[in-house]
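Form predicted on its own, single chain, as structure tokens, below.
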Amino acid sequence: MRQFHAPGRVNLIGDHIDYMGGTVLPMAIDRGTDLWARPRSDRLIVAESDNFPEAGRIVAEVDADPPRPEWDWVNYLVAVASVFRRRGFEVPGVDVRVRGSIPNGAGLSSSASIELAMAVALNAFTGAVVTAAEMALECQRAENSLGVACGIMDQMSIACGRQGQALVIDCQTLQVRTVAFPDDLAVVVANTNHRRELSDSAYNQRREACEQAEQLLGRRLVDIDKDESTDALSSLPASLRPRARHVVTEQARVIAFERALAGGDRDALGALMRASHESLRDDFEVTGPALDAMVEAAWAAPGVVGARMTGAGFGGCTVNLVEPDSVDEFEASVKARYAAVTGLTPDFYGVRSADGAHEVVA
């Protein structure tokens, strides 16, 4: 069997603006999905996961349109096969075995990671010569077909990752540029262990609110300058105004964060991450008690440069920039404070930037 790998991703800043065509600043990480696959002579996808041995071997139809409840996680593989077929590629049946190192439901894009791993495999098996950006778009369509109205950030991050670099992704044009991530700054992902269910969350409702705001204003929210936002958004209904305000201000924070990262301004990085979390908490209302408790514990911990929720919210993870010599002390402090407030025990993952989805060649 041939081996393929796709990383996960952590978004450093720029949440809930990718589906509005905004510019975001994530990085691919050195936790991800390994997928071993080989073509079959029939029209079946026969899949097993080392992470879900209790599910056993799942047999799905490569020519079907998901989702089907009995196919469980294999619906992601079928969805990717479906979008490849719709592009006119002859998709074979495949044997698949998967092993992932991304905590399921933590907000580090385990679903996009498995989608990209499958896409790279099908790209190889069909001779499609699909570019990284095209694979990202196909995997976004696959996830949309499963009921999640996600933007393109997760898939683009995973497709285009670069070791040693963070990514600046224009989600409208799909242009990607890199910014060096400093070697002397640790990235610690803290898992609240309050699991989220994205398709069952208010994610789609937030997107609909932002799209309604744009229709009423007749312009893209990400094109509104932060300094004119009060006047520009004043005509919106009160229910839409905070959602729109988050998109406008978060876009400004992404641009400022890129400058701070390039200039090594750690005070600015921390202030921008804090403002981002507060906006996601107050204006977008996608944090919740667990994420807020985790971030507040991080803000008070030794060695912290910056901390915020990351991903869609409603549970999942925070991303923390920490002085490397203080990581152990930081984690101990956050664990104690968070457990005292929530009764939950968090997990911590030190992550580094990583290359995008690819075939693993010995």
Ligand code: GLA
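Being a predicted model, the structure only gives us computed values, none of them experimental. Start at 1 with the first residue shown and count on from there.
A second form of this protein, the form predicted in complex with the named molecule, is not displayed here; the remarks below concern that form.
The contact residue chosen from 96, 152, 291, 254 relative to the named molecule in the predicted complex is 152, the criterion being a non-hydrogen atom within 4.5 angstroms.
In summary, among the residues 181, 89, 71, 203, the only one with a non-hydrogen atom within 4.5 Å of the named molecule in the predicted complex is 203. The candidate spot formed by 9, 18 and 311 is fully in contact with the named molecule in the predicted complex: every one of the three has a heavy atom within 4.5 Å. In the predicted complex, residue 14 approaches the named molecule with a heavy atom inside 4.5 Å. Screening 153-161, 220-228, 96-104, 113-121 for residues having heavy atoms within 4.5 Å of the named molecule in the predicted complex returns a single hit, 153-161.
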